[in-house]
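Read the single chain below, which is given as structure tokens and is the form predicted on its own.
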């Protein structure tokens, strides 16, 4: 990534090596499964083998006879204790902790077994005898819409329909589509997939002698967990201490509160022993939050010259047995309204209907800011289809319809106010880097020889930074974030934040922000997160919100320290505070650079010689952003498809990102590499599939593929910089962008390769078999047409 650090700055824009990496590289990270407490018990969960079945009885006795097994709890036990249900984060639904009466999806949690060893707990779980009566499952959301089998009997309304959501101008959009010179319409399915972090979920629960719960857990949002546990269990929040140690990847999967956590707490309370529960890979893939599963009908109206005039998207969403999506209360479909993308649609309308099915619940953001990936994929695929039908270069179509740089802040047709951007410059940079003209010539030559080569673009706009508290919440808690900074007498310091890194590099980038604001050495700024006893309340790390929200809080807390330090500096310089300025990372008397003191000088004085000022040097800030931030990018994929086997080779992939001010280019590049690899997996490999009986066909890494360095293409990266005007340092966030933007680039490239055959669209994942079948069917159609 080509970023030239500002020579006037000594911390921002510098590719400082990650401070946290030495412990990870030496295998000394401390994860939940590394925590072992004296007298600890282990928990194993009994899962339903059926996707939909009545539970006639549960016999615990065979399990209790296993040596080492101490207890078995069922859903009926939890209901009796008032702990039968969990609230879901956006408040539209609740979720059974353990199945009561019916199992609603295969692998649903039915009972929990506690034993003195992990093996004994698992042996006991296998011996819990449950009498099931299988029922007809509902696997498709389109079938669920018919209400022939109603899955949930606990709800007031006898229907599988969860909610209807819409945004935009329905009638105006209809009229604009009717008047359009060209209309394209396409069903685009974003398949169900799973974040699949390498470390599965887990926890250790312990009540100390004072009755206080200490809960070690793989959580991306430890403070929210503390509040959720208080709401579910009735334990006062001050009696709950949540700690998230090192986390081996989250990607949204570790935002929700899962039934296993509640069972571990109950077991610890019941047995008066610490209880550990660590998921198996199968449990993680089959019961924790999935992502996507949106079925989108996209229509674009346009003039004959390619100017877009209207957009309409109708979506059917499959939420599984419980509506456990982690979307904010006011946005049940998340940020799907970003579906107008980078383009000037005069009018647009989007609607969505969500349904229960007999599948695992979820709808979490898989490295995606609340359904932005689905929206980006829909509009970027549809724009390519429109270009194909108008016989236009997709690049020219995009340029014609981009929001221009001089239009920012830009009000989209679906209500978002984009903060800043320069889409034309980012695309132009990508075209130059990839050598577009040469690629077009090569493609023409290959097509003349019957070879299938494709060039695919995605010029996406993302929306991140949840959020302004007037719009965003979890469980009703407003979404802001926080930071506390304390500078020690010798000029080192500590920053505590309400976020929790799962690999994003916060221990490095948070230190760089403090160092930049205070002129200190980032190597001597310690970062603490993930402990609710020490960190200020925050909403956690997901949806690319850390830098836009917590990063801003850190910057503004540091500026509060700087303002107090200015008064102490004035005391040291024997001047009025009004005559002291912060220049070149030191305090000096205005116009007299020879009379100056450093922040280290001031820090020591704050504890030894503060004058009339309050001793010490620390501050906190709770930041509520005025708006979200809108990163964007241009991604280009170049592929070759073997028409005889369907194998796709991604020959080149270029990502040009604009995430505003860059804190650490090396960390950003690492984020982009990881997100692109996940986007590649979604485009070509990953799908959680169910057979017609509701059986999950991808319960392990043999059937649900995760790419390694052998499969992943070589990534090329570059960037442009358009700072956010409302963020203290102009940063926008980047963690989700590569996952948001890349699937469409991959698929557009493959469809471009197949376009000479008349193939218009194939849904992901583009496996070799699926591409081969599309080629065979296209060639068969051509043969029939030729006859």
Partner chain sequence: MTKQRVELNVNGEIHEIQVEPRKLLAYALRDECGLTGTHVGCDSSSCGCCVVVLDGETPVKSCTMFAVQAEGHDITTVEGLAQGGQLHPLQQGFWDQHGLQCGYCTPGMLMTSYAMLKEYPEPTEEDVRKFLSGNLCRCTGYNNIVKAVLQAAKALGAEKSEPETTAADD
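Just so it is clear, the structure is predicted and the values come from calculations on it, not from any experiment. Numbering follows the first chain given and starts at 1.
Missing here is the form predicted together with its partner chain; even so, the following discussion is about that form.
Undergrad: Among the candidate stretches 446-454, 224-232, 73-81, 672-680, which one is within 4.5 Å of its partner chain in the predicted bound form when only heavy atoms are counted?
TA: Of the options given, it is 672-680.
Undergrad: State yes only if every one of 85, 98 and 479 has a non-hydrogen atom within 4.5 Å of its partner chain in the predicted bound form; otherwise state no.
TA: So, no: the whole triplet misses its partner chain.
Undergrad: Considering its partner chain in the predicted bound form, which of 316, 688, 573, 247 comes within 4.5 Å of it through any heavy atom?
TA: That would be 247.
Undergrad: Identify, from the list 416, 331, 684, 715, the residue with a heavy atom within 4.5 Å of its partner chain in the predicted bound form.
TA: Among 416, 331, 684, 715, a heavy atom within 4.5 Å of its partner chain in the predicted bound form occurs only for 715.
Undergrad: Could you tell me if residue 622 has a non-hydrogen atom within 4.5 Å of its partner chain in the predicted bound form?
TA: No.
Undergrad: Report yes if any heavy atom of residue 648 sits within 4.5 Å of a heavy atom of its partner chain in the predicted bound form; otherwise report no.
TA: Contact check for residue 648: no, nothing within 4.5 Å of its partner chain in the predicted bound form.
Undergrad: With heavy atoms only and a cut-off of 4.5 Å, decide whether residue 292 touches its partner chain in the predicted bound form.
TA: Outside the cut-off, so no.
Undergrad: Should residue 280 be classed as touching its partner chain in the predicted bound form when contacts are defined as heavy atoms within 4.5 Å?
TA: Judged by the heavy-atom cut-off of 4.5 Å, residue 280 is in contact with its partner chain in the predicted bound form.
Undergrad: Would you mind checking 482-517 for residues with a heavy atom within 4.5 Å of its partner chain in the predicted bound form?
TA: Sequence-ordered list: 502, 503.
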